[in-house]
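For this one, two forms of the same chain are given in structure tokens, first as structure 1 and then as structure 2.
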Structure 1
Amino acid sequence: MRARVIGEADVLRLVDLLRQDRQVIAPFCGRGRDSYFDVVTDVNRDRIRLHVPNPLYPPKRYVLPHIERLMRMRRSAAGLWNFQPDYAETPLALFGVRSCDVAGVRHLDRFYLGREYVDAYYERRRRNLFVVNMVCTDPEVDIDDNCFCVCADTGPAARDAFDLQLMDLGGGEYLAVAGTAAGEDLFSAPFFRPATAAHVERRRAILTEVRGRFRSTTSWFAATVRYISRGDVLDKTWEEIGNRCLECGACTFVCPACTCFTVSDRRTGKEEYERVRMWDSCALKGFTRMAGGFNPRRAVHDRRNRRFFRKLAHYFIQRELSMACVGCGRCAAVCHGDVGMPSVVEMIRRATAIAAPPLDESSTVPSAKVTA
């Protein structure tokens, strides 16, 4: 991948360059630590912030909208039905997206595009999407106690799925790395300068320092994948997790990697209807309810079981080549029952360790000696 250097004062010029042929979405700050993604306009462009607390509402909604019309259906006077698909093909740029959210988009790609069936609606939005990744380097703003992208191997710097990556090197300089040919084409702009070996070394040093800033609460992440995949998690552990769940669905609605949706037809006129796709959540009681009314996962702990099995079991990781968890920590931030991913990993670790059978005294493995 080729690299260039851009001055801090020229970042907005990069935004304006992208705005010439596409709509740009960028992060902004509200009051306190509130932050959000919004469309860049002539009025708000000066308020774009690259170092912001991670917005709770993920930018995945720009490639997989919360509510999306799929088609319109109209019946003519002759009684014939006309079906008209409603595709969105507006060129879009996500600017300043965190590495965890880039990994979320990559996971959506594998789910909606990487298997035997391709989602035509998602494909069109993704084809017209340009992603500018922003590396998390400010420990006071970019990183909080809920972040665990290091454990999920998604950050603090994305390794793929971006067109252009920006990293704050300090001293008013940003290192720009092209991830695709489309990103490399931007380097023809006059405000990009060649990167030197010193810039690359500075990048390595910053990443080494930043990785040490993350908490180790999910250091047993890989072990939890093993426990869930082998079926080692006890039923009482799932029940304890389920008893904490308030069934609000917040964890799934803020997750960059959740893919579940429902489809509904609704009337819009006398002989007109539309079909819409909406995000759905495994936390909601009606999620697994069948047409006849039977619900195989009526108990909340069964649905919590399914959620974490879906995200961490080896079967799904092998099928989609990535975990459906990107380490953003949003589930931990919004969960009132404290059953976000970090807490669940810790609960499973503790319960599985307690339930593990004791070592056989006749084992040939020598016991450790404890000395004062």
Structure 2
Amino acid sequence: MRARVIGEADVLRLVDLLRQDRQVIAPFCGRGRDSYFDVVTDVNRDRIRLHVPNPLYPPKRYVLPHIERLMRMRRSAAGLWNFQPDYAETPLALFGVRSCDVAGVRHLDRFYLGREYVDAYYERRRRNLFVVNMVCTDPEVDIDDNCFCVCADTGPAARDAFDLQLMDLGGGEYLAVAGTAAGEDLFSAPFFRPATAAHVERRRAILTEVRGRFRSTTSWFAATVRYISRGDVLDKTWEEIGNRCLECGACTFVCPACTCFTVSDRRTGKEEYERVRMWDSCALKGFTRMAGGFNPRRAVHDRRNRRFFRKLAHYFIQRELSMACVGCGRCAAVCHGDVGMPSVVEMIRRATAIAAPPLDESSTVPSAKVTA
């Protein structure tokens, strides 16, 4: 089995081991509830937090930066134009990311690396990335009222897309599970001890206990996925959702599974430009506005409709093998109009259940024929 046990003090040794050949990003706590990801240095390494309130700014930016230069475009003295792509090739480790964010990276992998075109910028960042997943086990700190990974089937323990997974077993012991060969290579370090059957049993017991500690937030996706995919959701429901949207774009910017970007050129010198891409948001009115002013998406509820359709429609789930929602709860935490994912799922489910036509014959379970 690819599992080992390390002591509490060994966790920092593991960080230092990773720092030998790569930059390490880890979660830290600020004042109050504030938490954030930052580069680990000699100065701050002692303040790395393994149990931490969910940082609102997701670690997505280490594979898809907020703003990223795609290329420089320069004209040489001889008059020839030259494009110099700007790739980030720095080896990076994301240390202590929660399972929802690991699922977010996995979703981005399928989106940016799947289908007919591969995004060369994402691909280079991703192949230089080492992911250390930290399982959420502390119901007081790790899990808050907005968390619903259990409903999105992404947590509290990630099943894949990590190189190494750590789990606090209590009593100063951490279980380390390798998800890739690169993760397993670390086990040659002397502080990894073999895991026993008792450790694995404790893992199972903790996960069962933690699953029961998720509080008020639940998100019953199944019915909503069906309603959205079949087009059963009433216009009135979308309008209600739209009426509550303040069009700030926050939900998209904190979402680990949102992928949209815009591209802009800016002058950096005489006959020298750079092309940058930055996150964009379908909540914003200008997102679909074409040159000349025509905008195919008119009202705000039209744009909300698109966002949730894109995230939950069966067609896209089949294409990317997962919903574009990982249950992190960030959209619910930042939305002033309370139309984050869990609320929207509930609004749709309630309103549509009453109005929806009965299931068509092909999708019902055939009942036994009653003969006289």
Partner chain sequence: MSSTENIYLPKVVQLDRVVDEIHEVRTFVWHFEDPADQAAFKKFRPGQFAQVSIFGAGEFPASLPPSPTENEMFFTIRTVGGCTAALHRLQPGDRFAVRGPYGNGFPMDDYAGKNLVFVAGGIGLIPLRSCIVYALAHRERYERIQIYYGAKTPRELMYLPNLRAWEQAAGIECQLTVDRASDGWTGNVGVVGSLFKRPGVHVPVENTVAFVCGPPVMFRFVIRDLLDMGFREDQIMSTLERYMKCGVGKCGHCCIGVAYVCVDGPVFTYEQIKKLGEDI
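The shown structure was predicted, so the numbers you read here are calculated from the model rather than taken from an experiment. Throughout, residue numbering runs from 1 along the sequence of structure 1. If you superpose the two forms and keep the largest set of C-alpha atoms that fall within 1.5 Å, you have the rigid core.
Participant: Which number, 1 or 2, marks the form predicted in complex with its partner chain?
Facilitator: The form predicted in complex with its partner chain is the one given as structure 2; the other form is structure 1.
Participant: Align on the rigid core first; then say whether the Cα of P190 has moved by at least 2 Å between structures 1 and 2.
Facilitator: P190: C-alpha displaced by less than 2 Å between structures 1 and 2.
Participant: So with the rigid core superposed, the C-alpha of G79 shifts by how many Å between structures 1 and 2?
Facilitator: Core-aligned C-alpha shift comes out at 2.5 Å.
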